[in-house]
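Have a look below at one chain only, the form predicted on its own, in structure tokens format.
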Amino acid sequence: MITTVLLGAGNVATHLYKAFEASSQVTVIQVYNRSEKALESFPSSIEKTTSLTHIKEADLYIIALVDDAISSFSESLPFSNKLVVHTSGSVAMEAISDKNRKGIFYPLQTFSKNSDVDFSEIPICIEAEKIEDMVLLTKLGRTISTKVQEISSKERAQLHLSAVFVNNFSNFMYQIGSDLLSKKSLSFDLLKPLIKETANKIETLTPSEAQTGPAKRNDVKTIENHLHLLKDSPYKGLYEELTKAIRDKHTN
């Protein structure tokens, strides 16, 4: 049985707790958070603490905090020579304090507290300084996911950048679509089948093969009509930039 302590009580920690508790090979023995209020979302059966001096002995400690807090928080931990990992996609493993053994346990997914996810399909990106720690992280990852992969900090930074494009930026496109529809009192639900089909297509096609639309086919008239509709919109410039980028990419 792998014993873990979660250091943080946000979205990532909440979902990791649920995934680990569903496994027979790992147990969360404690959750730490500076704010007692945030710990209330965890069940009463799990031990919680707001004090670093009361953190229990475990096989590994998982820092699930905002990126900017990882380095200073790891330095404040009151123990040494333990395996300490973080869950960030963009922070290098070296950010963890040298007084402990370092590692990465990065689940590549977007998390919202009230939205359930299937961890078995989530890639778990791991990294460690020592072979024995890599073995432990591999074992831990496989208790909740079928997709565990060793990835260096440099590779993970590029992966996280790509994830921002396909997740955060694409979701902002949804917000723009919703804003434009609301001006005509139309429901965003009208776009949901299109969004699902766009996502489904990349299961069998490359993104380049799946690209459609007026920019790819250089439909000048349609593009001009769209720009006319956007003449007073803050999104006009973005439409022009994206249209140019798609044209440039797909023009021989």
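As the structure is a prediction and not an experimental result, all values here were calculated from the model. Throughout, we count residues from 1 along the sequence that is shown.
Not on display, but discussed next: the form predicted in complex with a further copy of the same chain.
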Which of 43-51, 24-32, 189-197, 57-65 sits within 4.5 Å of a further copy of the same chain in the predicted complex, heavy atom basis: 189-197
4.5 Å heavy atom contact, residue 166 to a further copy of the same chain in the predicted complex: yes
a further copy of the same chain contact in the predicted complex: residue 135, any heavy atom under 4.5 Å: no
Residue contact check: residue 37 to a further copy of the same chain in the predicted complex, 4.5 Å heavy atom: no
Proximity of residue 181 to a further copy of the same chain in the predicted complex, heavy atoms at 4.5 Å: yes
Heavy atom within 4.5 Å of a further copy of the same chain in the predicted complex - the one residue of 158, 80, 146, 72 that qualifies: 158
Any residue of 90-108 that, in the predicted complex, places a heavy atom within 4.5 Å of a further copy of the same chain: 90, 108
